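Two forms, one chain: they're shown below as structure tokens, one block per form, named structure 1 and structure 2.
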Structure 1
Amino acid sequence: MMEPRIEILSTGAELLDGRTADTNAAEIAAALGGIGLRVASTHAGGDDVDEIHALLRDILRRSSLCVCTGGLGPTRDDLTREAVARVCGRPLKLDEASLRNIRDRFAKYNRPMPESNNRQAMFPGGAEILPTRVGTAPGFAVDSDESLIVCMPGVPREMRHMLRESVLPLLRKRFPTSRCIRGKVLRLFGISESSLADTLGEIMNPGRDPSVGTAASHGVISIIIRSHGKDAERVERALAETETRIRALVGKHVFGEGEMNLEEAVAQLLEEHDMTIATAESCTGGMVGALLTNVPGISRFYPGGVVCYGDEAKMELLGVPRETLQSKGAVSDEVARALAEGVRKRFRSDIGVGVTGIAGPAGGTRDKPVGLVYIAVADGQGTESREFRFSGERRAIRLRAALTALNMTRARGSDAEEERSDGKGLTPRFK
């Protein structure tokens, strides 16, 4: 069977004036992928029956399935059912059973049913009605020539229920696929998306199977490997081969798989080594601590830290010498080291992390520009400090600094040899 071409159409004025991002489309695409169906494109149109009709008509010209959300509510700007009735030439009819269900629902909560809710029991002739347990808007599925149109409510919670309980089972039956889709995600830090592309070269070529794509978020890169085919075993093998090739090229930057975060990678290492960590944060103002404490159960490994935004906190709580602050400045290699060592001592932890930098927008000079950050990691073996120059705005610089602090800790604790700008090797393990 040929793979069906699938598109998603979301309707609602709120999608076109900037009030709401279309999260339904992403959620539906993910769910369809789970049953082996790929989405070719998605669309959003306003509460205008002609507009929705025109979009639908174009979609049905190209595709064998259109999944719609939105516009099934009781108000006058809910026009999807009219547009669908028109595009497939099946006038709306009242469904008595649906009307009773809507009435019962209102009765259950002791509320009078507004007249406008009658509209929610109207469907294009011949439609299969998709009941709802959440909300009042039933959905429906209807054929239009060679194509199928499925309509669900736009409220995410209502859509989600209907998708899972009615739509996915329907589509599984209608578009059976022996196709098997498998994917794997590797997570990296410390390499740019473009160097990664250069290093991977033809592995990222469009059209290659398995396909390899990348996505970046605040310096964390995901490499997404996907493959599909009829033979599950062959698909898995192809995936594993590609993963092996990628790891051979950039494995030292890989800190995890799937949805793993840097803070989880650090927590995992702390657990493996049975070590504790404490944080001394100036420019990041608590972000490293906030990231670490995202991880459930981190309290066994993270006694805490100091947000030493002012110089007094650096001196009084962490023992940074006043002379160092005065002669080298708060943003310096020396102060980063003193922070890491000071907080390690103060919290009697195995590892201490110190971060100091200039997040901007003000406070930069020619010698010490905005984006200059020093990060130090101290442990039983000594203290390692590095200088970074991050670009971007205040938030980006700070987040990048916090993530880099976690990554330095991880790299120090793992066997991975990390590239260093100064060419020196890294201490391979804690202690």
Structure 2
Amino acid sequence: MMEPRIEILSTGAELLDGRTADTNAAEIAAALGGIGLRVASTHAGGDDVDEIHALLRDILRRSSLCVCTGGLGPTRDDLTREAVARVCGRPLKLDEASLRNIRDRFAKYNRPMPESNNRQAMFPGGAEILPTRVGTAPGFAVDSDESLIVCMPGVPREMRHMLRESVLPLLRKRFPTSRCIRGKVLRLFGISESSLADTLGEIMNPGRDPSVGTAASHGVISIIIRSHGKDAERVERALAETETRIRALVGKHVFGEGEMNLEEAVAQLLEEHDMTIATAESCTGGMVGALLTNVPGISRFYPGGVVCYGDEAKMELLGVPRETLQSKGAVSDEVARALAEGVRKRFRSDIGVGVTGIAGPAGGTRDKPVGLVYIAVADGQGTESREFRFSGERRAIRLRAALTALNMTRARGSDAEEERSDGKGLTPRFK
């Protein structure tokens, strides 16, 4: 059987003027690869029905499948359904069941449904409707001659859910393949992308199977390992061997797999050790606490935190000595330690985290430049404090500092895991 040619079309003016990055296309391509289907190319179009129609027409001339995202909302600039109906030669029809579902969703939240949402229940004749439990925009799949068009919403969360629940099962049936593709994503922090590349060396050589690539965002690096072939057992074995080699080289920096983030890794350690954490933040302004509260159920392990931006707050709320602030300055190793120890005492938590620094763009000096941050982690074994120099604009420095604070906490807990794994039965370092 000939391998189907697949292309992705993302629509929305925000993709063309730089307001939004097209992360949907990358996620779709990776998911299709996971079921043995390779994407040949991706495209982006604006909010113009003629433009979308022209792009679709060209794609369908050469491809068996076009996966579209965006343009299924209720507003006048959501035009994907109209363009698809035109290219297929099938007029739009109202689907009463979809309309009821949309109305029920508004009623559930005690909100009146605007008339404009009726458009979201319109589909090209003969389309297979892909229901949604996230958002109000159903998707659909429709044939155009010998090709298939699949349309999903552009909101990443809505797209992701529909892709997993409806689209991938549909495509497995429509495009069966004997080709086996397996992938693994390792998540790291505390190493630069260039240092990682040097450390991995030939493992990242082009043309190698399994292939190994990286992607980075605010210091978090994803190592993407992918293997393919017709022998599933060989593919799995090659993937596992490469993962083992990578972990042997950079394992101390690995905090999770897949889409796991640092706050989830910290929450997992807290749960494993039955411990609590409290945060004292100056330059990060609550970012560490905000990241932690992204994790459902974190209230069991995170009683709270203090944003102590001014010196008076540091002294009154957390007991930072006035003489320390005067002699060492608010941005110092000593103050970071006092913050971590003070917040641990105030909340009676097992762990205290303190962050103080200069996020800029003003406020830096020759001795204490913009980007200088001190982070401390206090627990039953003592207090660890480190100095960092971050670069970038204000928000980037604050976010990098918050992530680094979480990683210091994670690494301190991971040391305990390594100690216990040698069979000596040592107590966790946290305690």
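Residue numbering: sequential along structure 1, first residue numbered 1. Think of the rigid core as the biggest set of C-alphas that the two forms share within 1.5 Å after superposition. The structure presented is a predicted model; accordingly, all values stated were derived computationally and were not measured.
Note on provenance: structure 2 matches the form predicted on its own. In the core-superposed comparison between the two structures, D379 has its Cα shifted by less than 2 Å. The two forms, fitted on the rigid core, differ between the two structures by 2 Å or more at the CA of P176. The angle of turn of the smaller rigid part against the larger, between the two structures and from C-alpha superpositions, comes to 31 degrees. Comparing between the two structures on a rigid core frame, one finds that G33 has its C-alpha moved by 2.8 Å.
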